Structures are given as structure tokens and as C-alpha cells.
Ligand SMILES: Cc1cc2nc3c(=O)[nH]c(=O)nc-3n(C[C@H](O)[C@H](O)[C@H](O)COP(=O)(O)OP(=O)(O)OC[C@H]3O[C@@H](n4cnc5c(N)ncnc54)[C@H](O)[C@@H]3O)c2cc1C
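A single chain, nothing else alongside it, follows as C-alpha cells in the form predicted on its own.
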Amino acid sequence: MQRRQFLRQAGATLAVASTAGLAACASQPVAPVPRSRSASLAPIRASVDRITGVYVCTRPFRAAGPRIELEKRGNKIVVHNYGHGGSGWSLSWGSGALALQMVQGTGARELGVIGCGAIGLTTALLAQRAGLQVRIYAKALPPDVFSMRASGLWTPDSRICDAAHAPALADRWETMTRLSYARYQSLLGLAGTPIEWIDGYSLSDAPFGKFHGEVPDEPEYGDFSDRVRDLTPRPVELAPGEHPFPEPYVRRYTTLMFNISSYANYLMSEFLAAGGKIQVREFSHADELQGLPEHTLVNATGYGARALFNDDSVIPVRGQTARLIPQPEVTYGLRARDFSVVPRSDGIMVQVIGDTGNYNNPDITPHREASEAAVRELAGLVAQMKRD
């Protein structure tokens, strides 16, 4: 199917499921008002005694990209919607819209959704808004799902596919990205600030390259950022006198941030308020789905699909974050060589980045020493920042 036709059809589905005209707004860039000036950045209180928790997730990476397709299994129709790598929150609404198109094609009026993470919740909400009766089945609910351990930034092409499969995925990825972006614009300004714009700063001791920050033992991932340049402001290179950081090369970026605790609470509240039902249940084998009352199901189990559906194409990519005590005055993000910082309202997230040994690593044991080292490195940076 041609990209324009595909985008138009998916947009129509999402518009019906949420707000009229949503897809038409998807290509309209929004110019956010910067929340902080580089000359007056509040210092982050980075010390290991302020770490409130260390968390590990396994990003569900598939070389070919997300699996969004319909399968007949026994007496059920299963629409798969999983394998989004590090882009689950970012692509959830657009991905859900494509999955919902397939569900609607079956004529179903009742839907079972397997999984209650970012993908499962948004798909369930879209189905509700399209008039379906929806029940979620999940072994865990927020905040005890892996989606809650994400960093919380708009990263729609993070580990989304490998470079070899990028050309085949590009049009579908753009569809999901634009639909999701449009939906996030409608969530700005809500109570609890589930979604907001932030400024951030990338720091380097060498000039920035196009693929700054690659991990040596991971594959070359697909890069689609050029296809959606119109959605967010472009990064700006800052001269030494225009920022407070000790590094010689600094780039300011502006991006969307998800305050995941409040955002997940919003999604759960909306689903339940609309009459949605949730059953806490763990499935050890896909054959167990045959006993569910719904004829049509959406499989949104993420990395869990590897075991549940014997899908060895799902590769775990381990990621670890630490959460510091919140500082409302800190409104900017950071990205350095070994760590990144996301100033979420539920805690300042310090993510270990650039480390090896995470690809195809299902270990979810937190390595606190790695997060403590990242926090100490952040503390050293903060100590060198210029003050007014």
C-alpha cells in the first residue's frame, strides 16, 4: 500500500477512536516555549544517597521492526502488536491505530488485550473509543510493568529495527510516528503534566557526528529522523559562552518528555472510567488464550511474546536507570558520553548509556554500582558548571 493511502486510512481510524481531525494535525509542527535558559540552569543534586531506586528493563527489539499483523490461531484471531525496541511509549498511539484497523476488519465488537504496558493500554483505549468492549489480561499492572522503567523521552526510532530492514519499515514507521505525535499534542497541559516539552543539552569533547553515541557491540539500527524533521525543533550548536558546561561541544535540543507515573495513571483512569475491565492473569502458553471469552485478541506482551508465542526474533536489549529524588526546579535534560538525564516529575532519571553487554541480555538484575558511577560522573559535571 502506498504511504499516503496508508497514512490516510490509519489517520481516519485514530481520529474516530480519539478526536476528529487528529491525523490532519499530525504534520503541523509545534513550537514550544523553552522552559529554561542555558545561563541559569538549576544544579542537579547528584549524589548516591539521593538514589531512590535502580531499575532494569528489557527492550523488545526485532530486526525487522514491530510485529503488527493478524494471525488466526485455533478459534481466535490474534492481532500482534509488539517488538518496538526502545520506542514503545513514543509509537504507542500510532502503533495502536494500525492494530485497531486490523481488529475492526474482523467485525469484532469485543476485544481482549494481552498486556498492560504502554502498547497494551493505548491500544485498549483506542478500541474503546471506537466503540468496542475491551478487557485487558495482564500478569502485572502499572507500576509493575517494564514500560514503567523506560527513560521517558520521545525516541520514536530508538532500536526500532536494524539498518538492513529500515527501507521496508520506513513508511509504516512514519505513519506510526506522525499519528503518535499528533495524539501527544492533545495531551499537553493536562493535570499532572503527563506530557511536556523540555530542553536538553548533549555534551561532547569532540565534534558531533550523525551517529554520536553508537554502542560497539550492538547492530547498526535504522535511522528515520530525517523523515520527520518538521515535527520538532532542530538541535542548535552552542558556542562556549552560550552554555554553562565544561565540554567544548554542546548541542541544545528540544523534545517531548513523558512523566511516566502520571501518564500511566492517566491511561489507566481513562480506560477504567470508560467501562474497561482488567483481569490479572498470567499465560504460560499461547494455547491458554483459546479459553478466553473474546474471539479477537491483541497481543501486546512486548518481550513476553518471545516465550508466549515462541518468537525468537524478539531480542532483549537490557537497559538500566536510577531515579533520584525529584527536583521541580530542574527542567532540562542532559546527554553525556556515559549517561543521560531526564528531569521527570516522579524523579530525575539517570540512565547508563553506551555500555556494552546489553544486546541479547535478558538479565534484569540491577547493577547498582553502574548507576552509582553514572551519578558520580553527573555530580562531577554539575560541580564544573558555571554559575551566574
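What you see is a predicted model; the values in this text were computed from it and never measured. Counting begins at 1, following the sequence as shown.
In what follows, reference is made to the form predicted together with the ligand, a form of this protein that is not presented.
This chain appears without its partner; in the predicted complex, the one residue of Gly152, Gly112, Gly200, Gly222 with a heavy atom within 4.5 Å of the ligand is Gly152. Only one of Ala46, Ile348, Cys57, Leu334 lies close to the ligand in the predicted complex, with a heavy atom inside 4.5 Å, and it is Cys57. Using a 4.5 angstroms threshold between heavy atoms, Ala138 counts as touching the ligand in the predicted complex. The ligand is not shown here, but in the predicted complex it comes within 4.5 Å of a heavy atom of Cys116.
The closest non-hydrogen atom of His295 lies beyond 4.5 Å of the ligand in the predicted complex.
Using a 4.5 angstroms threshold between heavy atoms, Phe283 counts as touching the ligand in the predicted complex. With the ligand left out of view, the stretch that reaches within 4.5 Å of it through heavy atoms in the predicted complex is, among 88-96, 201-209, 167-175, 69-77, 88-96.
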